[in-house]
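Listed next as structure tokens is one chain, alone, in the form predicted alone.
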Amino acid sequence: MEVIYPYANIIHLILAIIFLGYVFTDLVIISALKGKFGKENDKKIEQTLGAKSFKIFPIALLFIVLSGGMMMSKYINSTAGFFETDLQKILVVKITLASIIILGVLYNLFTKLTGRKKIAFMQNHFHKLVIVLGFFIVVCAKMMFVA
């Protein structure tokens, strides 16, 4: 595990930056453009971005989860314990916050694949929630090695 850890860490960080960067861009830039070019063009833009993000982000999130799991196993396991140190406690909080994002993405994938309509919160506010949770996940990641 010691040999793989630095590679898992780099993959995890790069994909997390891409994931949160897209969500931030969608919230700040893309949402500011909505309504500026007419409904027809807005729909085309949304469909184009949606098709790309549907292909990229589930895979990116999968690799974020896998690399995070690999790194987590270094700090939380049957030998090291689960809630013994401050690092482990903060890591559990981080995992809980990340799990909320994962469940939301899985819900969005489910609605997309089944053709069901998303609930209003997921349609209108999920990216805002992801940014807030992402911020706290980054803070927790930093605090893990400071505490």
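What you see is a predicted model; the values in this text were computed from it and never measured. For every residue, the number given is its place in the sequence shown, counted from 1.
Below, we turn to the form predicted in complex with protoporphyrin IX containing FE (HEM), even though it does not appear here.
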**Asked** With the partner left out of view, is Tyr5 within 4.5 angstroms of protoporphyrin IX containing FE (HEM) in the model of the complex by any non-hydrogen atom?
**Response** yes
**Message:** So, Ile95 and protoporphyrin IX containing FE (HEM): in the model of the complex, are they within 4.5 Å at any heavy atom pair?
**Reply:** yes
**Prompt:** Could you tell me if Ile101 has a non-hydrogen atom within 4.5 Å of protoporphyrin IX containing FE (HEM) in the model of the complex?
**Reply:** yes
**Message:** in the model of the complex, does Leu129 come within 4.5 Å of protoporphyrin IX containing FE (HEM), counting heavy atoms only?
**Reply:** no
**Message:** Is protoporphyrin IX containing FE (HEM) in the model of the complex close enough to Leu27, Gly50 and Met122 that every residue in that trio has a heavy atom within 4.5 angstroms of it?
**Reply:** no
**Item:** in the model of the complex, segment of 42 to 50, 86 to 94, 29 to 37, 114 to 122 with a heavy atom within 4.5 Å of protoporphyrin IX containing FE (HEM)
**Value:** 86 to 94
**Residues within 4.5 Å of protoporphyrin IX containing FE (HEM) in the model of the complex, restricted to 51 to 71 and counted by heavy atom** = Leu61, Ile64, Val65, Gly68, Gly69, Met71
